[in-house]
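The chain below stands alone and is given in structure tokens; this is the form predicted on its own.
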């Protein structure tokens, strides 16, 4: 079975490192991006199964990144998890409208994030 690939996108290096540690501990292959444009470049080359995506970043925000991903036929298989401090109902709705499967609020629970990723991979 192929190892699942996860792209972690956040402009806070400590958060990226924490999520990377969690995902690698579960056996997933990871790549990192620290802004929206880098995320799009990485997604096109890495072809992740899941993107864990912050909203507030320099350049393109996460909502815009998600919309771009959803318009890319080669990435139609990719699942998007927003992981962000933007937690209003309006923010969540914007996240889902932009193409996300799940919207989690920071600070996040490590076990919850791992479980969400496992379920997405198991059930597509």
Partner chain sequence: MGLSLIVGCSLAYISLLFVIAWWVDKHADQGKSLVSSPYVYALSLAVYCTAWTFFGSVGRATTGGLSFLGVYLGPSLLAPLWYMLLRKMILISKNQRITSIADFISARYGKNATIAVLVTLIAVLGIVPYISIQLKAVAFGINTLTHFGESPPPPPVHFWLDAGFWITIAMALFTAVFGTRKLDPNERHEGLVAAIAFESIVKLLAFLAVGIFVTFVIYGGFGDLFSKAIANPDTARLLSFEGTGTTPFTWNILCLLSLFAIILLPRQFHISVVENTSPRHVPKAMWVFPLYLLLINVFVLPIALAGKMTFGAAIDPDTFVISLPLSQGAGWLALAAFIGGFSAATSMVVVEATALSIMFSNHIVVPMLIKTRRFGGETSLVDGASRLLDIRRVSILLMLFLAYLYQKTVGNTYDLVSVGLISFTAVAQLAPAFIGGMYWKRATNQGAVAGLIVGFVLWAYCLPLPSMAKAGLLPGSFVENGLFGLSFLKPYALFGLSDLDPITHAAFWSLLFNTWLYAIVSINTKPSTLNLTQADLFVNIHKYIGGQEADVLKREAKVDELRRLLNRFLGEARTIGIFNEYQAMSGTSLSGQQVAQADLVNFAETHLAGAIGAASARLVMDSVAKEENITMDEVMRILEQTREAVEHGRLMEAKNTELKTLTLQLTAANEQLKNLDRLKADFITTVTHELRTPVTSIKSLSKIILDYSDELDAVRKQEYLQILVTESDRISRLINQVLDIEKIETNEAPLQIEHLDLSELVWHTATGISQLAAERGAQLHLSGTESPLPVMADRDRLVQVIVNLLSNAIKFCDTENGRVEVQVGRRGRMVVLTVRDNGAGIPPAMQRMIFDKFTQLHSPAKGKPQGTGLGLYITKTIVEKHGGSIRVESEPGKGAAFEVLLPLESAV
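A quick note: this is a predicted structure, and the numbers were derived from the prediction, not measured. Numbering follows the first chain given and starts at 1.
Separately, the form predicted together with the partner chain exists; it is not shown, and the next lines address it.
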{"item": "Check all three, 15, 25 and 106, heavy atom within 4.5 Å of the partner chain in the model of the complex", "value": "yes"}
{"item": "Interface stretch in the model of the complex with the partner chain - options 94-102, 81-89, 67-75, 45-53, non-hydrogen atom within 4.5 Å", "value": "81-89"}
{"item": "Touches the partner chain in the model of the complex: residue 115 (any heavy atom, 4.5 Å)", "value": "no"}
